[in-house]
Ligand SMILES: C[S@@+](CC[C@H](N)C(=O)[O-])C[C@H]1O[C@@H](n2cnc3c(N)ncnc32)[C@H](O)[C@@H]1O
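Okay, so here's just one chain, in structure tokens, the form predicted alone.
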Amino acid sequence: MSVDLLKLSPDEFKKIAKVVYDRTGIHLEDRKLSLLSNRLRRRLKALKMDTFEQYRKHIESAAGFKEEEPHFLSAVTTNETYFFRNEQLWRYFENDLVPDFVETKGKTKKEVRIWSAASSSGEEAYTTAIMLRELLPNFNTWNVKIIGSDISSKVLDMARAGKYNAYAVSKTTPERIKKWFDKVNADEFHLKPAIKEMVTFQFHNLRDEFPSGRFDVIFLRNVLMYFDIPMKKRVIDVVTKALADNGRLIVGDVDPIRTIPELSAHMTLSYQRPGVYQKLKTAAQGAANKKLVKA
């Protein structure tokens, strides 16, 4: 049978979904069967395989998964993003977060640490860099650390390159494009070194503890939707532990924490506004966070 006519059976879907979950923590719901079937057909063709079973056995091996990882993750996740996504969020960043940094850190340490979790091809992390460079007074006197992390080596390489198409900068003002990008042609824009150098990118699986210290802001936007409830809880614990006292967790447009009672009950951070939680330094909060760290 032609690969184009192959259909992923429910049984084989479950087996592939288990590989996905075991390797990445991403939960594939049954309704994704048709989508995954269509996307994996292209990989079967590229690898000259005849069945989904062959593909599944390939990625079940450590060597096979390492080889196929970037293609496999592209098939099961969506990495579409762009600079300044969600205008309301960046207004909050400008009007609330940066003034808070200036007030609480401007006369002492002057250090800001930000983690863009599941950073994809880097637009969110670099948008943060642009905002801080524009808004922090006497920017060169500040120690700014921005880390972007992702499970896909493919998108991390794209992020490090700092090269974007017209869609990626479609919500960026012409003034900012001129200031922070070199326009190669109508559909290619390269970030200038002043912004690229502010961000480092590294591999990280969100189910694992993040080893890079405590952060004032953690972005966790448009990623919790990929996990089941136990893994959502685990990821929430990982980012909560990685927050500094008074740090903010930003979960973005769709906030499952507020709509899923089990997650809301599990959350130890304080709800501040839609999509934003804070690690308050209070006696009760401290006790909760201490318990979390021990766990």
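Note that residue numbering follows the sequence shown and begins at 1. This one's a predicted model, so the numbers in the text were calculated from it and none came from an experiment.
Although not depicted, the form predicted in complex with this ligand is the subject of the following passage.
- Among residues of the shown chain, Glu80 is one whose heavy atoms approach this ligand to within 4.5 Å in the predicted bound form.
- This ligand in the predicted bound form is approached by Ile26, whose closest heavy atom lies within 4.5 angstroms of it.
- This ligand in the predicted bound form is not approached by Thr200, whose heavy atoms all lie more than 4.5 angstroms from it.
- At the 4.5 Å threshold, heavy atoms of Val155 reach this ligand in the predicted bound form.
- Note that among 227 to 235, 61 to 69, 241 to 249, 47 to 55, the stretch whose heavy atoms approach this ligand to within 4.5 Å in the predicted bound form is 227 to 235.
- Contact with this ligand in the predicted bound form, defined as a heavy atom within 4.5 Å, holds for exactly one of Ile151, Val112, Ala129, Leu191, namely Ile151.
- Contact with this ligand in the predicted bound form, defined as a heavy atom within 4.5 Å, holds for exactly one of Ile195, Ala168, Ala118, Ile147, namely Ala118.
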